[in-house]
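Just the one chain here, the form predicted on its own, laid out as structure tokens.
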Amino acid sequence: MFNGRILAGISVAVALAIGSAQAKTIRIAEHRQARIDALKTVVPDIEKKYNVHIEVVEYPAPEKDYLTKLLTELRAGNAPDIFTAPHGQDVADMAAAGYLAPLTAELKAWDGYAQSVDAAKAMATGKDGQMYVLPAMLNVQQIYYRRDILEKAGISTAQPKTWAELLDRAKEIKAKTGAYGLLFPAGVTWGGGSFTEGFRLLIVGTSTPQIANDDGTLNLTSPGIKDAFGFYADLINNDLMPIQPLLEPEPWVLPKYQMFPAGKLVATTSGSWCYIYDWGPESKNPIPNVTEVVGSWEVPGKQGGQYVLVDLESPWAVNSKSPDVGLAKKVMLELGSVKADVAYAQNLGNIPGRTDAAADPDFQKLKPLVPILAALKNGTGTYLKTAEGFSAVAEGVARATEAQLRKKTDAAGAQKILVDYVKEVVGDEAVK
């Protein structure tokens, strides 16, 4: 009997060892240490739930370098099983190239789908009605300003109602404080951010509030596009924003992480993440009492209207060439759990894509983010519809604004650079 028990125990141990040895590996690409740390908080739970080994593959931190490496590996057929598209604008092109496994059925059967913010579900749905990404996190952008500096200088902190009012405020800041008055990202080295954190915020308030037409073409020749470049021209020609840092390899470092905390830049476009990742207590250059000191304005339209921009923040996708697409999809859905969403919110300051995260005690501690998620639940937020060619639009905007930064063109010339580049990449028939 004793020997039988020993043999039985050995058999169980062997079976467990074999089961462990047979655990499949799912590779997940992630970049930036804060994001990697957030991902690792949920890896043990996923491994236990699915008896799977998760390998976190660290990619280059700058988003442009991340996307370059990812696309290279996708073309070569050796990309990780799960990865993120840097921005919502990249999804349509990646799906059209066949890199993304369709997720529509899995997402609609997922218990988190009903909790997902309506705008997130809409942005994740392509023109063909298919969903190719998990909208786990959102970025919510507007203009952030140094309330303390404006009040000390006797400058109004009231919401600017038009572009003209916003520019006048920036000029007043420059005149009374000597600091730069307003930053909109621009240039080639900022990569997709020149579009997502800059140009896009202006477009929604022009006569071209959407770039993607219903037929899938791109509306780039309208007066609204020229007007947006004209806004950049006003910033540049009136010396209202720092130019030289935007021509450097990491253009965001000096203005956002040094000049703004030091009060040498007083207003800038940014997102909810700024209260945590950029200037929060754990950031590299924190602003004391950041939630009181830094206020926000919605982005005014050219002639009026106020906009809070919402976009998918690095949405998760499954490699269509994964050796086990089914298992990869199951693992990916776990990355949309409340626990995962809150971990990313804690580390990065982005907004969970699901409304039930609002009740999580750890999310409640992120006081600057709580009202933003509540507003999204109630329908606040404007977003751009995307289409194939949007990646080219983002690159074209970067090139056009780079020419403006170097004072090589005016607004009309910048629009021509954008149109010519997009036509070269996706064809004349794609642009209207």
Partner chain sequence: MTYHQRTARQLQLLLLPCVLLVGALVVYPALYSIYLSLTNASLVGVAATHPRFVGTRNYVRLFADGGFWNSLAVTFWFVLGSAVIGQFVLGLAAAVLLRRPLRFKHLINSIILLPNAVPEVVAGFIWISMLAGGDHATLNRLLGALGIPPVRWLQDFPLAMIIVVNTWRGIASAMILMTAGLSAVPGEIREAARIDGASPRQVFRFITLPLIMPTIFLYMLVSTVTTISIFGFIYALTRGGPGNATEIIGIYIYNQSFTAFQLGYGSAVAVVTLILSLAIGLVYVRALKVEV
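Positions refer to the first chain, counted from 1. Owing to the predicted nature of the structure, the values given are computational and were not obtained by experimental measurement.
This protein has a second form, the form predicted in complex with the partner chain, left out of what is shown; the following refers to that one.
**Student:** Please tell me which of V293, L254, I155, A179 lies within 4.5 Å of the partner chain in the model of the complex, judged by heavy atoms.
**Tutor:** The residue from V293, L254, I155, A179 that makes the contact is L254.
**Student:** Which listed residue (K385, R27, K64, K377) meets the criterion of a heavy atom within 4.5 Å of the partner chain in the model of the complex?
**Tutor:** Residue within 4.5 Å of the partner: K64.
**Student:** Among 369-377, 27-35, 402-410, 52-60, mark the stretch whose residues have heavy atoms within 4.5 Å of the partner chain in the model of the complex.
**Tutor:** That would be stretch 402-410.
**Student:** Any chance V431 has a heavy atom within 4.5 Å of the partner chain in the model of the complex?
**Tutor:** Heavy-atom contact with the partner chain at 4.5 Å: absent for V431.
**Student:** Test of understanding: in the model of the complex, would T355 fall inside 4.5 Å of the partner chain by heavy atoms?
**Tutor:** Although the partner chain is absent here, T355 would stay clear of it in the model of the complex, with no heavy atoms inside 4.5 Å.
**Student:** Check whether D324 has any heavy atom within 4.5 Å of a heavy atom of the partner chain in the model of the complex, and answer yes or no.
**Tutor:** Output for D324 is no: heavy atoms all beyond 4.5 Å of the partner chain.
**Student:** I'd like to check something about T41: if you look in the model of the complex, is any of its heavy atoms closer than or equal to 4.5 Å to a heavy atom of the partner chain?
**Tutor:** Outside the cut-off, so no.
**Student:** What I'd like checked is whether T208, Q303 and N350 together line the partner chain in the model of the complex, meaning each has a non-hydrogen atom within 4.5 Å of it.
**Tutor:** Per the other structure, none of T208, Q303 and N350 touch the partner chain.
**Student:** Going by heavy atoms, what in 411-432 lies within 4.5 angstroms of the partner chain in the model of the complex?
**Tutor:** Read in sequence order, the residues that approach the partner chain (within 4.5 Å, in the model of the complex) are Y421, E424, V425.
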